[in-house]
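One chain comes next, on its own, written as structure tokens: the form predicted on its own.
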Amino acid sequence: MKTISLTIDGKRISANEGEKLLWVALGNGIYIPNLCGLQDNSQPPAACRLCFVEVEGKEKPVTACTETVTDGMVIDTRGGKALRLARTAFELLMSSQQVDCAHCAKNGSCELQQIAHHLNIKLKSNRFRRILRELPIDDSSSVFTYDPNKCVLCGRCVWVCRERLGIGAIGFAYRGFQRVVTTFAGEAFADSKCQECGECVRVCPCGALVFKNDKTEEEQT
């Protein structure tokens, strides 16, 4: 595989030709906000619209999870246009989130907190009208709890369950504001074909899927 050279935020970096920009940046200690990306997913959905960056020679910002690196590429992850798009996408996302960090098991390790800090905006924004959902919490699994009210619809759990594991216990249902991650026919996890492997919990970036009994992820393996 050919090794190329590129520049990200003024830092000269070597990478393998054909790699996705998001993983090259993260692998070299350069943080780019992201929720839906998984490194082994060769066809990232670019659904969260948070990983915008500016590439020299391109008129508009691009999503880092879909952009393939090329030799001589110059990238600015902190460009004004890219940050404006990312901030708007994040504030829209958070306008339908129940923010209660103090009582959330993911407090301190939540990707939403890191993104808010990086973008220098609050988790609770007043820019858009807040519309919250009141969906039932599924506590039926012996391994984890699923709170759809905290779900950011990134699709990580769905992809891992279906593509990586081949189980397909969960998927997306409905459209628009009603869209949710759910089991087939909305049955409880305990009654579904979920094998309680916990892989969905491990890739969840927020507090939607958490292990029970305050156990760490390592203790579940």
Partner chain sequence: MAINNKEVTTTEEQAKVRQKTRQILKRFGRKQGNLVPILQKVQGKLGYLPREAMLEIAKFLSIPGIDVYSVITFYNQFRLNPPGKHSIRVCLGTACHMKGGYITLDAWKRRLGIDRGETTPDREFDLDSVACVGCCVMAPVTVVDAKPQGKVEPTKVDGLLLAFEIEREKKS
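Owing to the predicted nature of the structure, the values given are computational and were not obtained by experimental measurement. Positions refer to the first chain, counted from 1.
This next part talks about the form predicted together with its partner chain, which is not shown.
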### Query
Using 4.5 Å between non-hydrogen atoms, is Lys58 touching its partner chain in the predicted bound form?
no
### Query
in the predicted bound form, does Tyr31 have a heavy atom within 4.5 Å of its partner chain?
no
### Task
Using a 4.5 Å heavy atom cut-off, state whether Tyr174 contacts its partner chain in the predicted bound form.
yes
### Message
Can you tell me whether Gly168 touches its partner chain? I mean in the predicted bound form, with a 4.5 angstroms heavy atom cut-off.
### Response
yes
#### Entry: Contact stretch among 49 to 57, 35 to 43, 184 to 192, 66 to 74 - heavy atom within 4.5 Å of its partner chain in the predicted bound form
184 to 192
### Query
Who in 139 to 162 is close to its partner chain in the predicted bound form, meaning a heavy atom within 4.5 Å?
Arg162
